[in-house]
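What follows is one chain in structure tokens, specifically the form predicted on its own.
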């Protein structure tokens, strides 16, 4: 009895240490973002000065606007493509289902740096040989992000699509509804939580991505993570802490909302069923 309690306490203590190791550096950045001092290692009092200073910088504001534009468009296109692929793969019996699924999910396990280098080479060659293909810039960043994050949407929506069964769709067909009516009135409402969760994760993945962005951008396109990294190379400033805090808050809010929606989708499905 005592040995079991000791093991539980040791495991709990180990879990706390792991969480501290993961999040203590982030907590330090957040705390010192509210420091009034210019010295990032000396606490001189609470202040919001560095947040306002960051937003007075035209360069930071332009980088933020570009990141938000790319993340929003990426969420839209990745959700459309990922949902379509998930519906096609969910109940397909084609012999190409497994190879196609492997290709889609390969983007999740291949190191991001490999995808980034391959994307840059492909975009440069495509622009040189196809006149209509855009040069390196925010459009190529968007293309790379859509390809990368669509797999996450496929993973989430497909799991929901295959897990909710086909009984209600079959009942709808038996009652005389057509394929479009069944999809709009039965399938889509049940898939909606997974689609929204996939869109939020695609948004956050794009918003805080650095590797893909820096390899597929031009010299004039700078996203928010790129602006932060470019400044950190010359030393951490309080403004960088403030920007990093805002970025963390946006990503954490998106991930938390997606997780909340995904946890509630089972209850929603039960209610619909």
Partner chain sequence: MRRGRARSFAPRYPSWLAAPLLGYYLLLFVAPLAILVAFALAKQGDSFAGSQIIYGFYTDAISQVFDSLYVNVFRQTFLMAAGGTLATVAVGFPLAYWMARHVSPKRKGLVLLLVIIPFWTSFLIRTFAWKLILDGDGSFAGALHLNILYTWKAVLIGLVYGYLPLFVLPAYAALERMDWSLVDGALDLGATPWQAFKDITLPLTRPGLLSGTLLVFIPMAGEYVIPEMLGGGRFLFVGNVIQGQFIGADNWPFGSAVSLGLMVLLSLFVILYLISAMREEQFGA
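Residue numbers count along the first chain shown, from 1. Rigid core here is just the name for the largest C-alpha set that superposes within 1.5 Å across the two forms. Remember, it's a predicted structure, so these values are computed and weren't measured experimentally.
Keep in mind that the form predicted together with the partner chain is missing from the display, and what follows is about it.
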The partner chain contact at residue 127 in the predicted bound form, heavy atom, 4.5 Å: no
The partner chain contact at residue 131 in the predicted bound form, heavy atom, 4.5 Å: no
Contact label in the predicted bound form: residue 233 to the partner chain, heavy atom within 4.5 Å: yes
4.5 angstroms heavy atom contact with the partner chain in the predicted bound form for residue 195: no
Full three-residue contact with the partner chain in the predicted bound form, heavy atom 4.5 Å, for 37, 68 and 76: no
Position in contact with the partner chain when the complex is considered in the predicted bound form, options 121, 72, 98, 135, heavy atoms within 4.5 Å: 121
Stretch 103-118: residues contacting the partner chain in the predicted bound form, 4.5 Å heavy atom cut-off: 103, 104, 105, 106, 107, 109, 110, 111, 113, 114, 115, 117, 118
Residue 227: Cα shift of 2 Å or greater between this form and the one not shown (core-aligned): no
Threshold 2 Å Cα movement between this form and the one not shown for residue 22, core superposed: yes
Rigid core superposition, residue 245 Cα moves 2 angstroms or more between this form and the one not shown: yes
